[in-house]
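Presented below, as structure tokens, is a lone chain in the form predicted on its own.
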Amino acid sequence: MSSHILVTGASGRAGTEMVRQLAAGASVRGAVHYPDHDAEGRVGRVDFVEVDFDRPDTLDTAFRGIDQAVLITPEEPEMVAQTRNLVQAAERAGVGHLVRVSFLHSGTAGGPLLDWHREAEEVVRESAIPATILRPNSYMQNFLTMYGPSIFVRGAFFTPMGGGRISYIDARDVADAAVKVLLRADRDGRESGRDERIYSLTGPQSLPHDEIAAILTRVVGQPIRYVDVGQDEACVALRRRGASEQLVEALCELWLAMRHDEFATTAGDFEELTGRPPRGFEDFVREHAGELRVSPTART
């Protein structure tokens, strides 16, 4: 593999795995959102660089000498402007191919957050640089990061999803899809290897959260409950944590869409792209059972 590849959001769930895989045979630069508090712990063949998506001057350094780039940005109101800054830096650097990580059903469901994703996609696709769009559903890793602490402390996870079903995908599968696209573009050359498709990436099953709780209970071997906290309570909690009103509105509309099965879709794009089925949720739990255990002193 000869490409020099940049991954922005390289410290995130999918970005970390992309960097790990690509480092086995490519020249990889990982861009982490400024400031990088973990810089001293980063080792290996990867060139890590700190960037601020709101400061274009930091981006030119990140894109210098890059052939292909994966664009992952924080899910916040500034997403579109930040993506524009990244694309403009890529254009100045002469990058030959972009992979944008977006969200399932961008612009057609889910409210403002998905509208921001769709607008960011349009910024990428309006560029002269060939671009592939990946649209994953929510990550299975949410059960380690977002819900893991409450599972450990209270033997339960709390969401406003009601009985809605979601086809969660493993973030490692999103990374696998991105790496497949990048490798193919590198192998086939910039002209013949251009892949300007949009891929919808989902897990193999659409599961309601009470069934997810049953899987967790069975595999982990401890009772783990699902508690529907309700839409209003979840939105109030966001405000109390200091989230902007724009972000509160965006997340609350997304949760409402999820509550009504709008993210229950299962797509075949991942298998078409990689040649294998995506990881199932039960396999994910089995692999991470040690991280999903309930404390002996949990307040259940």
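Remember, it's a predicted structure, so these values are computed and weren't measured experimentally. All residue numbers are counted from 1 along the displayed sequence.
Quick note: we don't show the form predicted together with a small molecule, though the next part is all about it.
Highlighted residues Q82, S102 and P136: every one comes within 4.5 Å of the small molecule in the predicted complex, counting any heavy atom.
Checking 68-76, 206-214, 88-96, 153-161 against the small molecule in the predicted complex, the stretch whose residues place heavy atoms within 4.5 Å of it is 68-76. Proximity to the small molecule in the predicted complex, taken as a non-hydrogen atom within 4.5 angstroms, holds for one residue of F53, W255, F63, F263, which is F53. Contact annotation for H33: at least one heavy atom lies within 4.5 Å of the small molecule in the predicted complex.
Proximity of N142 to the small molecule in the predicted complex falls within the 4.5 Å heavy atom cutoff.
In the predicted complex, the small molecule lies farther than 4.5 Å from every heavy atom of L22. Residue contact check for L292: none of its heavy atoms lie within 4.5 Å of the small molecule in the predicted complex.
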